[in-house]
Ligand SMILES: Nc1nc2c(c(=O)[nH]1)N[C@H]1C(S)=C(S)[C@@H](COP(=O)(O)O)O[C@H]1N2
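One chain comes next, on its own, written as structure tokens: the form predicted on its own.
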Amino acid sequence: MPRDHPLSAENEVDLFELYVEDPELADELVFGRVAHKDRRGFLKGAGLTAMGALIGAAIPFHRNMPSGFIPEAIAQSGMKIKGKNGLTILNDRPVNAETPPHLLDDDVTPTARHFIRNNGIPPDDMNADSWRLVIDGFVDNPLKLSIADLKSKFETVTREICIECGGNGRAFFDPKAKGNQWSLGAVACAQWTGVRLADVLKAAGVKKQAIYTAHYGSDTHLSGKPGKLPISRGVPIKKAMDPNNLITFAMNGSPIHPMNGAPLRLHIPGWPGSFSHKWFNRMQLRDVVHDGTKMTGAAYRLPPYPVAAGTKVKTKSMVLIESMVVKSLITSPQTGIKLPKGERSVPVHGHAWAGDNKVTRLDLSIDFGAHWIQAKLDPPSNPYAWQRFAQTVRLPRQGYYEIWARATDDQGHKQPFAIAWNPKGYMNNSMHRVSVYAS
């Protein structure tokens, strides 16, 4: 690759920022000049040649590639997200990226390793000084607050909050479910600073007619159509008034990362991450269950009863997901590790969490579930933070082993071995397993 190429080490660029600012210019810079302006990013000629050279093969269906699209082969090897490190990029429009389990070992997830889940295009303007949050609808006193207002008028609190995408683990469904093919890393537990949502709602005065919230942000729909929202979710008023919900303006002691919702983010912990609206600029209180984008149809919904894999379920019978399920993640050892010759002791640690509940026990197995070894389990640092577990297991002889982790919550729910299949690929809390080779 030429030294002056945008993807060379000497000229490292953030392609996501480039495509947000000017996708056509990005196509030109990365792949060569676009032949006709009216084709708006469809590549041919020199541009197609450049792209093929980067990938190492011809692209038979290149005419179907829209402006702003980056092939997966380039995304994984040549794309960088400023302020992020080690994430696996699933797609670029919208940006979605997960974190390999062994990079999630910290008790508090570093900003650089916090996963990204976008539904639309992030806003161009994330200026904290000019940002405004509107609280309206069925309230006595509609509010329009700056971030400075939030800091001066309400108590500031800092909490560690575990956030997980409802589709985390979808990649393991068989038959496959549509959607981002998250494996294990659409989860994180960063430290967030802000004010209690309940305090802000009390200041606005919640009318008795209000039964549901509606959340809005400044991101835009992928289509670019004015007024079309990428996502707008909401929760019952009872959940909204939980004192653990936050409106945050800091992440790990610094301004929120742009891909994690700068400059203002809502947090509804314990429920799917889609409730925790990014680039948060409005909450409307409604007298009906919110019917915003991804609140209706089959979005973030499950069958009300167990179904066999591949079963078609009527959309009208699906029910909204609320609390997440009990789950755990082994962060060490990294799967596939080969131990030094004669080594038999393996320190195992990771994290466990359980939506609105608390994890009370974590067990490990090295013999495919025939026997279980209880691990030391730390309490959460605060409600809705994940909990660290640790234990050293001993392998009896050389060979191939799997270490399984099984969490149990305070309601008696345990992680299953098998996936509870559903049409949309949500809530996979099957036991995490890592492989270890002893020689």
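Predicted model, so just to flag it, every value in this text is computed and none were measured. Start at 1 with the first residue shown and count on from there.
If you look for the form predicted in complex with the ligand, you will not find it shown, but the lines that follow are about it.
A.B. asks: Among the candidate stretches 115 to 123, 236 to 244, 329 to 337, 307 to 315, which one is within 4.5 Å of the ligand in the predicted complex when only heavy atoms are counted?
C.D. replies: One stretch meets the cut-off, namely 115 to 123.
A.B. asks: Against the ligand in the predicted complex, would residue 260 count as a contact residue? Criterion: heavy atoms within 4.5 Å.
C.D. replies: Yes, residue 260 lies within 4.5 Å of the ligand in the predicted complex.
A.B. asks: Would residue 301 show up as a contact with the ligand in the predicted complex if we use heavy atoms at 4.5 Å?
C.D. replies: Close contact is absent here: in the predicted complex, residue 301 is far from the ligand, nothing within 4.5 Å, heavy atoms only.
A.B. asks: Given that the partner is absent here, does residue 219 sit within 4.5 Å of the ligand in the predicted complex, heavy atoms only?
C.D. replies: Residue-level check for residue 219: yes, a contact with the ligand.
A.B. asks: Is the gap between residue 265 and the ligand in the predicted complex 4.5 Å or less for some heavy atom pair?
C.D. replies: Yes, contact at 4.5 Å.
A.B. asks: Only one of 204, 90, 197, 231 comes within 4.5 Å of the ligand in the predicted complex by heavy atoms, so just point that one out.
C.D. replies: Filtering the options by heavy-atom distance leaves 231.
A.B. asks: Could you spot which one of 350, 273, 355, 169 gets a heavy atom to within 4.5 Å of the ligand in the predicted complex?
C.D. replies: So the residue touching the ligand in the predicted complex, by this definition, is 273.
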